[in-house]
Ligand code: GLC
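Starting off, we have a lone chain in the form predicted on its own, written out as structure tokens.
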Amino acid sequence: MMIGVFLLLWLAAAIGCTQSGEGTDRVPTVLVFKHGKLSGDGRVLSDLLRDFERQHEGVTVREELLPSDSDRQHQYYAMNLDGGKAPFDLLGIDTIWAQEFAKAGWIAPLDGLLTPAEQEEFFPGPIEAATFNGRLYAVPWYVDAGVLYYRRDLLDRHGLEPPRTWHELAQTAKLILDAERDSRLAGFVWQGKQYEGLMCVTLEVLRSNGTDLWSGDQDRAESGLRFLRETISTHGITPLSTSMADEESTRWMFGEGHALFMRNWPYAWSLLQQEGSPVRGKVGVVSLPAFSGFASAPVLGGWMLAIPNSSTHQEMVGELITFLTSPETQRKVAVELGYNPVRRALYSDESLLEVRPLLKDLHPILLEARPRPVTPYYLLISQAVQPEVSAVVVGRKSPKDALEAIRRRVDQIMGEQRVMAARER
């Protein structure tokens, strides 16, 4: 009898220990975070993730970096998400992928993370790009928009102001190039290589003329394409090598002091101001020009955070997204990595502006930034359009012929997708 009582007491104690977590090893929760390599010190994000782990006992966040090339990142994600068993729990995605991934059923809806009122605290462009069929599928992580860099010292020397129209930009560049007589100095550099960067530049120019590539006034669209070509062929302010130029090659050229104007993203600012930079303290940033009678139309850039549908830790990953997009974390990333926060209130944060005064100038630009077409088929459209625009840049095709081909092809793509959607229903 006594032995039976003893055994019962021992069993109860053992169960109690197990329920309280004592005497057993907890199985840790490992969250795999896939994202492209960030510029700047990688320890900043790593330290933030360690902070999150300290706040969530038993949770480990493992970073797994992808190449910085966005096309290769997209390929990796598509291959792994399509199988329904992605080997990661959180992914960083380009703003132009959210629609595609949501329609494919690859990523989970995140309405529960941000109420409509909370979404108002973010810039409107990224929220629009992350919303598919009325539901939020990604949370903005950091935001970008196309801007115009200019050599403030050279404009000051000649008593000129930053241009507000594309015509003024061409005139100003021509005037300064003629006066400086420096054969190494280009007037205006931009991303003309056949890739997504060319799409951004083209959309910014055409939208700032009140039209678009695939819809809107065709004459104004042709005029916009013609302007891009004429910066090379007629005005002579853009080098022939622009047809092979991307963000980094144009940044290098401008950063070495070999260009007067440059279209690029805000990331370039901190690099241009580094110790030893030939243009340090000589650079200004303004909104991109527009055609007369129209407004500047910067293209929205930046990255978002999404959760694959296959993740078994969605609730905890949601907490990680909330942490990474919190005002405190966004402020730290803005200061230590130079990325632009997605929360609008931080752009009036005096302590942050003391460290990053450029944010005050970027705020109105980021507010007016427009997403590329918000459709699941954007990548198909972009890949079809790029060769046509490139043909204009290098002078192989007239703007009229290229635009007609673009609009025919886009109509065909959208028609095919409507047929496929009807069959699925």
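Definition used throughout: the rigid core is the maximal C-alpha set that superposes within 1.5 Å between two forms. Throughout, we count residues from 1 along the sequence that is shown. These figures come from a predicted structure and were not determined experimentally.
Not on display, but discussed next: the form predicted together with the named molecule.
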Practice prompt. For the three residues Ile96, Gly197 and Gly302, verify that every one has a non-hydrogen atom within 4.5 Å of the named molecule in the model of the complex; reply yes or no.
Written response: yes
Item to complete: With heavy atoms only and a cut-off of 4.5 Å, decide whether Asp212 touches the named molecule in the model of the complex.
Response: no
Worksheet item: Within a 4.5 Å heavy atom cut-off, is Asp144 in contact with the named molecule in the model of the complex?
Response: yes
Worksheet item: So, in the model of the complex, is Asp349 in contact with the named molecule at a 4.5 angstroms heavy atom limit?
Response: no
Worksheet item: Taking heavy atoms and a 4.5 Å cut-off, does Ser70 contact the named molecule in the model of the complex?
Response: yes
Worksheet, complete the sentence: Residue within 4.5 Å of the named molecule in the model of the complex by heavy atom, from Phe254, Trp265, Trp106, Trp166, is Trp265
Item to complete: Could you spot which one of Glu319, Glu121, Glu230, Glu247 gets a heavy atom to within 4.5 Å of the named molecule in the model of the complex?
Response: Glu247
Worksheet entry | Options 125-133, 188-196, 330-338, 215-223; stretch whose heavy atom lies within 4.5 Å of the named molecule in the model of the complex | 188-196
Worksheet, complete the sentence: Near the named molecule in the model of the complex, with a heavy atom at 4.5 Å or closer, the residues from 378-415 are none
Worksheet item: Core aligned, does the CA of Lys37 move at least 2 Å between this form and the one not shown?
Response: yes
Worksheet item: Ser68: CA shift of at least 2 Å between this form and the one not shown after core fit?
Response: yes
